[in-house]
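Shown next as structure tokens: one chain only, the form predicted on its own.
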């Protein structure tokens, strides 16, 4: 193994989990064994929750202006260690280095937003009657948990860490067992930034520990990012146990391309959207709706796709199982009558033969009934469905059960507004292939892409990580008594 065995992080120390079940951590870049984790038991989770619970009174009572000082320092440390964190991200996840750099830069932006929270949670006060005032303040929930996926080893944890902790909560982080290394480094940087022991804890494991988090009586809220199938299970289990839960699931994002779209810009955006992070992101475009005659743009999309070279400007998919699943989608679509214009199957990268790669793939004449049109592929693949009108394109988009994102490529402002108003998705792009909002605007989809209220980042996340306390205060007896006092 290249790295030491992965340990849990509890009360400021790395500690061994106590089960006998281990899981290897293998780099998708070249198949190298990086490390292994030992799955946590319920007792291991109890220890982490106990540490968080013990830290909560002092941390939550620390003024927020002081709490965010940790994140000013943490932001500086992220900047200082950007190269190291990016290399680690690429190694365990498989994405190319520039994508990992962008991921850490997004972590920096997320942390920067958290430092502004004192200006956003000031509360309100109003004199409601002579000598009587009502006051509101947002207070922390207690011990909260964040369950995160493999596709962004640093960014998705940082969707929740800065805001939840700056708002006064103590956290249990459960990383993906496929990419556990980055979270350990994050824990070290938070401690170096001055975060008190017990405020942030990491437990490793698989399904068993996820279920234990949903069931634990001392965990007040759970956030989850992953597939829709698991998001539903986590949401149902956590809320059944009377917890707050915000569970983000999968996506099937549609890019609607109109004949008046600028060909070069559209082609570059579509190709980048479908292949960035090897298509392993919930904002990737895996479905394009060609509205009318856009063959000239499809030709340019194929030209752009052929410039994307696995192992150079296209990273690996996470493992062999993912590679096989993605290729099966392509093969099945071809067997059902779709036309593969650019084929990324059977990709081997010289010098990295143990890696798991799928090349960029463009498939035309996909019909809405095909699996590739309905299910999340999570690879560098885009299926093109033909439509004659904008309403027909919208019907195709609206019919899919997900609702993360949709985009339209056009130079017609009226057509763009028509799509914005009618697309069934939480995040809309106009001539933007990956319409991820920037802070302070929040990230979150609709329909089967999200379960729960609110969004996971930005201003909207404040409501999820806090509860509202209302005070009515009267000191002057001479004001008398009326129905308001």
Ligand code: NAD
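Just so you know, these numbers come straight off a predicted model, no measurement behind them. Positions refer to the first chain, counted from 1.
Separately, the form predicted together with ligand NAD exists; it is not shown, and the next lines address it.
Picking from 163-171, 376-384, 330-338, 89-97, which part of the chain touches ligand NAD in the predicted bound form when contact means heavy atoms within 4.5 Å?
Of the options given, it is 376-384.
In the predicted bound form, the residue from 300, 178, 243, 106 that sits within 4.5 Å of ligand NAD by heavy atoms
So the residue touching ligand NAD in the predicted bound form, by this definition, is 178.
If the cut-off is 4.5 angstroms on heavy atoms, which of these, 113, 357, 235, 150, is the one near ligand NAD in the predicted bound form?
Contact with ligand NAD in the predicted bound form is made by 150 alone.
Contact test in the predicted bound form: residue 369 vs ligand NAD, heavy atoms, 4.5 Å
Judged by the heavy-atom cut-off of 4.5 Å, residue 369 is well away from ligand NAD in the predicted bound form.
Residue 248 within 4.5 Å of ligand NAD in the predicted bound form, heavy atoms:
Contact check for residue 248: yes, within 4.5 Å of ligand NAD in the predicted bound form.
Might residue 230 be said to contact ligand NAD in the predicted bound form, defining contact as any heavy atom within 4.5 Å?
Looking in the predicted bound form, residue contacts with ligand NAD include residue 230, since a heavy atom lies within 4.5 Å.
Flag residue 215 as yes or no: does it have a non-hydrogen atom within 4.5 angstroms of any non-hydrogen atom of ligand NAD in the predicted bound form?
Residue-level check for residue 215: no, no contact with ligand NAD.
Heavy atom of each of 205, 404 and 449 within 4.5 Å of ligand NAD in the predicted bound form
The answer is yes: all three residues contact the partner (heavy atom, 4.5 Å cut-off).
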